[in-house]
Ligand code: NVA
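Here we start with a single chain on its own, the form predicted alone, put down as structure tokens.
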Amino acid sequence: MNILSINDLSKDDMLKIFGIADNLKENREQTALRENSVLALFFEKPSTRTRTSFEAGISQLGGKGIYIDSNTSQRSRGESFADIGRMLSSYCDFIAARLYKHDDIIELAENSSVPVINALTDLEHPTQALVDMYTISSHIKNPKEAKIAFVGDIATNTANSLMLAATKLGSRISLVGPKDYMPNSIYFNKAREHGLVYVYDDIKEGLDGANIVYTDTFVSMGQEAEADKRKEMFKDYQVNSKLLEYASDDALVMHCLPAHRGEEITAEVIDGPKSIVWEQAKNKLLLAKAILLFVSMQHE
């Protein structure tokens, strides 16, 4: 089984992954990976948390991770993702890929004989969405009581995956961004098939009743040339103390990191008492292990 998109997972699949994570957290007996399992991490984009969590995770499960930078591999000389998928799957038990184009990870997976995990593409970041919803579930036990406001750049890969995961699990999500700036229509319409998702440009309306306030960088990887324009576009959607006044009094703040204090979020908020950002980041290791165990069980 591959996890290229949240669309690949049912609600039950996500809950099974969360159950595995709970077992790991409580040190309960858990199905183990095959001895000496190997995870190939094929990355075109930089990574701190995703790479480290999967490398540490496979190691803690008794396996080994091999990091492959596309710039120092034969991909830099034009090798196809189809051929990369064929070869890596003949050496390794899993592949985690962080690629620029979502179509490329599909090509890689179609030619792989082992599970492929999307570690981020231009369209999705499914492992991050699993981390996010697991973290939320630690604070709001009933997912139907979670009211998420995603603020700022509502057309990111993170927003795409999060709106799918949230609605599948029964949570409400509001996408709050500038007037006439819309989320990816394919993901938005798919999320609407599962549950409640809304778009707002008015901050007060968008945050009304929100008990989770989530933001992400205003300038994603590959958008550096547009940095000044994007910072200006989203500046009014900075998550700060004033903005949080529109959310519920008990609202918690999330950010998938890396954070740019003073841009999409202020230091007083991300480092303040409402922030669960560091718990969210810590959970990446737990969910990396849970995802590897889950896909291994599906692959048996």
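Just count from 1 along the sequence shown to find any residue number. This structure is a prediction, so every number in the text was calculated from the model and none was measured.
In what follows, reference is made to the form predicted together with norvaline, a form of this protein that is not presented.
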**Request:** Heavy atom within 4.5 Å of norvaline in the model of the complex: which of Leu61, Cys256, Leu252, Leu41 fits that? Just give me the one.
**Result:** Cys256
**Ser171, Ser174, Ser112, Thr217 - the one with a heavy atom within 4.5 Å of norvaline in the model of the complex** = Thr217
**Request:** Just one of 62-70, 270-278, 241-249, 257-265 has residues with a heavy atom within 4.5 Å of norvaline in the model of the complex, so point it out.
**Result:** 257-265
**Prompt:** Taking heavy atoms and a 4.5 Å cut-off, does Thr167 contact norvaline in the model of the complex?
**Reply:** no
**Prompt:** Is the gap between Ala97 and norvaline in the model of the complex 4.5 Å or less for some heavy atom pair?
**Reply:** no
**Request:** Flag Leu120 as yes or no: does it have a non-hydrogen atom within 4.5 angstroms of any non-hydrogen atom of norvaline in the model of the complex?
**Result:** yes
**Asked** According to a 4.5 angstroms non-hydrogen atom cut-off, is Thr158 in contact with norvaline in the model of the complex?
**Response** yes
